Ligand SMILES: C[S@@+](CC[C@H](N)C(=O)[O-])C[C@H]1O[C@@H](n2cnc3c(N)ncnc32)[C@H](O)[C@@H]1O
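In structure tokens, one chain follows: the form predicted alone.
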Amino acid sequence: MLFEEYSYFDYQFPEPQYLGAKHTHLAWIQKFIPKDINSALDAFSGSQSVAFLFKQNGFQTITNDFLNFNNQIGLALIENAKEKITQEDLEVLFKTAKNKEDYQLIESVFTGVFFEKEEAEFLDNFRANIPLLNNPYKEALVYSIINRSMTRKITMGHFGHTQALKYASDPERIKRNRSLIRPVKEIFEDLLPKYNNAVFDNKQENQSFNENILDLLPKLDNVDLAYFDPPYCDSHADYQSFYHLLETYTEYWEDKQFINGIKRYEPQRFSGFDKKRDVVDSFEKLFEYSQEIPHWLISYNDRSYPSVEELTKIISKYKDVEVKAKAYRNGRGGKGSVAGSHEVLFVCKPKKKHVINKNQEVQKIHEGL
């Protein structure tokens, strides 16, 4: 790594509010990144904090998530090298939309669930104006910020409950978190400088993808390091249920049903890593498709399925592996991060080749006689 590349750490990742985000583990993960790395893949990127770390390191960074609202963060902060939101852009976003009659999804589905009518109308109008920016990186920045604004607005920062409006009228909760009663527009304007300031050029051709990783991996080559942070099956949040509103807002679904009290979209996207019936087979395919990538780092949890021991056996078919662990001291969403459980990092390297020279072979032959 060149000395000047350390200057990329002057850019700060906007702190996420995302269950399972690795933002608090970055210094620990950094310790195990191999030397002489030029390119890195963040395969299950989520909040994009690890991909941002790779970009700060000066690596050519490839990031991927099968949920589009996460991909938008990747486009905005990993692939994007220079585009920022200007005052002129804000005027476009906040004006009354000419086609607002075509954008009423949030008002019609989520009024009375997560938002009062006026707030829902603002979100629909804002969403109608995003394509007017006519720039994929600016649009991605706006999606990233408005989605983050909605998680600030809702108690617990996710949409897997029906208590948002009840909590927003509770004086004690408001006292602890004033964002519950702040307009989303105001939160967006507060967050905007942090996201603009996180945009930088690390002189690499970085890419963000929105695919199932098992479909993407066969298309990739020349990757030095793969970071895998799959859903912790049986021990962590159901991301499609907890963040369904952000995906719905980004995609602005026309072909989905909205079910149960939280109005989650149905059918959900197929992951392959969040159900016990699928996950072992998915891990086998993941490692098979990644075997040409020299180094892997795999985040996991000791309460997940399959067990750490079983996953180690699967990994060992392809790589030499060391298991590192650190304990959670405070619960952070799901039984996998309750106090006393452990965040696990599998540090995987190419298998050592055992070479026996000809003299050793001759000696073994004589010893056997």
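The first residue of the shown sequence is 1; numbering continues from there. Quick caveat, the model's predicted, so the values are computed rather than measured.
What comes next is about the form predicted together with the named molecule, which does not appear here.
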Quiz item: Tell me which of 158-166, 67-75, 257-265, 114-122 has residues with heavy atoms within 4.5 angstroms of the named molecule in the predicted bound form?
Solution: 67-75
Quiz item: in the predicted bound form, does residue 227 have a heavy atom within 4.5 Å of the named molecule?
Solution: yes
Quiz item: Taking heavy atoms and a 4.5 Å cut-off, does residue 47 contact the named molecule in the predicted bound form?
Solution: yes
Quiz item: Does residue 43 reach the named molecule in the predicted bound form if we count a contact as any heavy atom within 4.5 Å?
Solution: yes
Quiz item: Any of the heavy atoms of residue 189 lying within 4.5 Å of the named molecule in the predicted bound form?
Solution: no
Quiz prompt | Partner contacts for 112-138, taking the named molecule in the predicted bound form and a 4.5 Å heavy atom cut-off | solution = none
